[in-house]
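The chain that follows stands alone, in the form predicted alone, written as structure tokens.
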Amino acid sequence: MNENETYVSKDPFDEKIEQLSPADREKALKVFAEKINREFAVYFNSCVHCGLCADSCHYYLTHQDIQSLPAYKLGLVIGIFKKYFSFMGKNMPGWVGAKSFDNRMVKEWVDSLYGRCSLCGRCSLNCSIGINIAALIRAARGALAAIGLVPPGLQSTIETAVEKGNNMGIKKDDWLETASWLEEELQTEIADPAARIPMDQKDARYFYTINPREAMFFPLSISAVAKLFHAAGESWTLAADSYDVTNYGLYSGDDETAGMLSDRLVQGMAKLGCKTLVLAECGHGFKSNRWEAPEWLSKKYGFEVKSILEVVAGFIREGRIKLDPAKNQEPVTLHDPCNLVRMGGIIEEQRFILRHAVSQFIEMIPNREKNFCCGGGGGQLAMTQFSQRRLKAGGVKAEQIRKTGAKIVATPCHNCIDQLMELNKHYQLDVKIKTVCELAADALVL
């Protein structure tokens, strides 16, 4: 190297891919095969390459490159399926587009399946065959996870949750102290010394879980829910341990770890003897713990699972709380989190709450199950190497927000909140981002 040359070290993650052995790739293929059920096999043989999925994807709409096409990303997975698990692919690979799972292909899998997809599932709505593209991409992510190829930021978040009990690594004493001063603040705010933020209350009706980012950065969202529970006179509790609603195993594709993280909430329910597990405003937390965990754990729940939105909407319908929309005068729009709405089925509850809590509610177009992803899902917020793509892909959502003319964006998901806050700054939207429960608490008549 001469004095004019600059040494640039290789990315350790890229080096890891380059050094994969045949045994590593064989292990990945074995895990991939284990994830292919009959439904997936049918999907792999069904794509007609019509391209109708293109306009459904926020990555393709903003980047306009072939690598961002949902059909291209799916094609990378189909090519491997056909090469190693189909008769035609094994014997006449060129005829069916079969592809070898070499280190170059592994690198493209990582780049496309992790770096150009938020697993939002919107492409399936436009698929002429109805292929569940997000599920197939997640299966392929699981094969990469089996050989340690989850992008470092995402894997680090998962490891923190496994080792520390929550994805922010909050110590138990710090969490208890936070809950204590939030209780004091609540008592002062509503002038009621009897107000409580209960901890480890056995036999409570509701066991409420939170996203640890609330405790670390957005404590007022915890206070808002506590205020609603108190106003309704409801029996509820938080937990000193096992309170993390998030589950980034959903994003990595690692079913074993995902199941272990969800099982902590199951154990928390058993320990406290509560009747209903209530999941905070977290899209992927809802999907993971309401729909996926029984499959990961191979067992049925012995208790009810609800979103906090369902609970609060019930309070309003039953007349247990009263809201005055005049207390929230600024125009509000709603971002629908993909995993809560399109993938989770919680669609109208948030709208019902907002219509009672705000004076001006403006829908984005499109909305509900046809909403565009904000770009923060799929683990994208944790994978810093793809951050510029994420912000660019979020341009679709930024334009949706701008067109509403709203001054507040409500969204029942803290992943979405983090992404929307970045979009707000990056695209100069000049809006405030709030949870649905925060707006409901602001409108409470006590």
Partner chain sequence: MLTFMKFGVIIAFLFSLVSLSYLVLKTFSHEKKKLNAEPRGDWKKGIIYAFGKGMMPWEKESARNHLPTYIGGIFYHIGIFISLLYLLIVILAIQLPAAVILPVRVLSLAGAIAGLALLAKRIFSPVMRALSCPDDFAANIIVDIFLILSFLHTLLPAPSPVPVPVVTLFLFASAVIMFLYMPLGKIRHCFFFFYVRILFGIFYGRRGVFQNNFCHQGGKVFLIINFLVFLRALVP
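Residue numbers count along the first chain shown, from 1. Source: prediction; values computed, not measured.
The discussion below concerns the form predicted in complex with the partner chain, not included here.
Contact check for K300: a non-hydrogen atom falls within 4.5 Å of the partner chain in the predicted bound form. Put simply, S56 is close to the partner chain in the predicted bound form: some heavy atom of it is within 4.5 Å. Although the partner is absent here, L69 sits close enough that one of its heavy atoms falls within 4.5 Å of the partner chain in the predicted bound form. Residue contact with the partner chain in the predicted bound form: H356 places no heavy atom within 4.5 Å of it. Checked against the partner chain in the predicted bound form, the residues I170, A179, C127, L149 give one hit for a heavy atom within 4.5 Å, which is C127.
A heavy atom within 4.5 Å of the partner chain in the predicted bound form is found for one listed residue only; from S242, T157, N367, S223, this is N367. The candidate stretches are 149 to 157, 106 to 114, 260 to 268, 339 to 347, and the one lying within 4.5 Å of the partner chain in the predicted bound form by heavy atoms is 339 to 347. For the three residues I36, E39 and G121, a heavy atom within 4.5 Å of the partner chain turns up in the predicted bound form in every case. Residues of 88 to 102 that come within 4.5 Å of the partner chain in the predicted bound form, judged by any heavy atom, are M88, G94, W95, V96, G97 in sequence order.
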